[in-house]
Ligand SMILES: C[S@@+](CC[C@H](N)C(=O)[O-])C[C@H]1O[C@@H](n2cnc3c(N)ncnc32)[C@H](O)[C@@H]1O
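Here's a solo chain for you in structure tokens, the form predicted on its own.
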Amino acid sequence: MLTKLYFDILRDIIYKNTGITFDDKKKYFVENRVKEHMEELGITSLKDYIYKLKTDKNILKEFISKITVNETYFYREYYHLRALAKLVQTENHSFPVKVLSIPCSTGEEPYSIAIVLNEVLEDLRKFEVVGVDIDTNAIKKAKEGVYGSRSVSKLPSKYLEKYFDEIGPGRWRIKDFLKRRVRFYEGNILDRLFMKSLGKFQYVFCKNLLIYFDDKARTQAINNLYDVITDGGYLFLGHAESVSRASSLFEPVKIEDTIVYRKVTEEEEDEW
């Protein structure tokens, strides 16, 4: 049973390394993940466990992997993919079209984006997709590109056949020609230098992450996203998220019955 003291220490470790805040209601969740991790490591003392978190980067990475949520599947929130397809077809672009997915979890979103872009542009050379996540294990799985039946259950059968190889009962692997258009990196959205090192993107998907941040971390994340989006580029957020209260750097735009956020350029800010 986590005492308040140890829970506060663990919350501080999580916040400093991810920007994610856990309120008192999440104590049971954290407690279960800690118990599981301690058993795997053969550690019986919470004091010793916390010492390991503070001194061993690999153990810290394992802990971060356990407390970050990776629930996802192909074509999740399909309305965003429809909006992306519409924008790619109507905006004036230089090629390749570049899209960032952060956090990308185990890769279902960036690969979904790659499928949509290939269908719309009909040329693999015309797009690049980058996936970023803080979870080491998630990035490893994304690079492998192997998924179970549940992950691909929402995909139209024609796309399953076109973009996947069936490698066993209920096991599907992304075909190499598509996999080559998606790159994955382990990284933190709050790390400004890392974010800038990724380059510029016309479209950024950052869904269901900002809701876990406090105001300070949320503002920092939004500023970092602004830096990597091209002038006039678009930010896609989860349905429960908005940048309106945290920043004036983006303006909401309705595309295909959903709201996305267009980057406001310095010239446009001056006009205001």
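Counting begins at 1, following the sequence as shown. Note that the structure is predicted; figures quoted are calculated from it, not measured.
Quick note: we don't show the form predicted together with this ligand, though the next part is all about it.
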Exercise for the section: Report the residue, out of Lys207, Lys52, His37, Arg218, that has at least one non-hydrogen atom within 4.5 angstroms of this ligand in the predicted bound form. Expected result: Lys207
Completion exercise
Students should find that, of Arg183, Lys140, Arg76, Lys162, the residue having a non-hydrogen atom no more than 4.5 angstroms from this ligand in the predicted bound form is Arg76
Practice task
Find out whether any non-hydrogen atom of Phe213 is located within 4.5 angstroms of this ligand in the predicted bound form, and reply yes or no.
Solution key: yes
Exercise for the section: Could you confirm whether Asp123 comes within 4.5 Å of this ligand in the predicted bound form, counting heavy atoms only? Expected result: no
Practice task
Give a yes/no on whether Glu71 approaches this ligand to within 4.5 Å in the predicted bound form, heavy atoms considered.
Solution key: yes
Problem - Exercise: Ile189 in contact with this ligand in the predicted bound form, heavy atom 4.5 Å - result: yes
Problem - Stretch in contact in the predicted bound form with this ligand, which is absent here, among 140-148, 98-106, 167-175, 153-161 (heavy atoms within 4.5 Å) - result: 98-106
Practice task
Taking this ligand as it sits in the predicted bound form, which residues of 35-59 have a non-hydrogen atom within 4.5 Å of it? Please list them.
Solution key: none
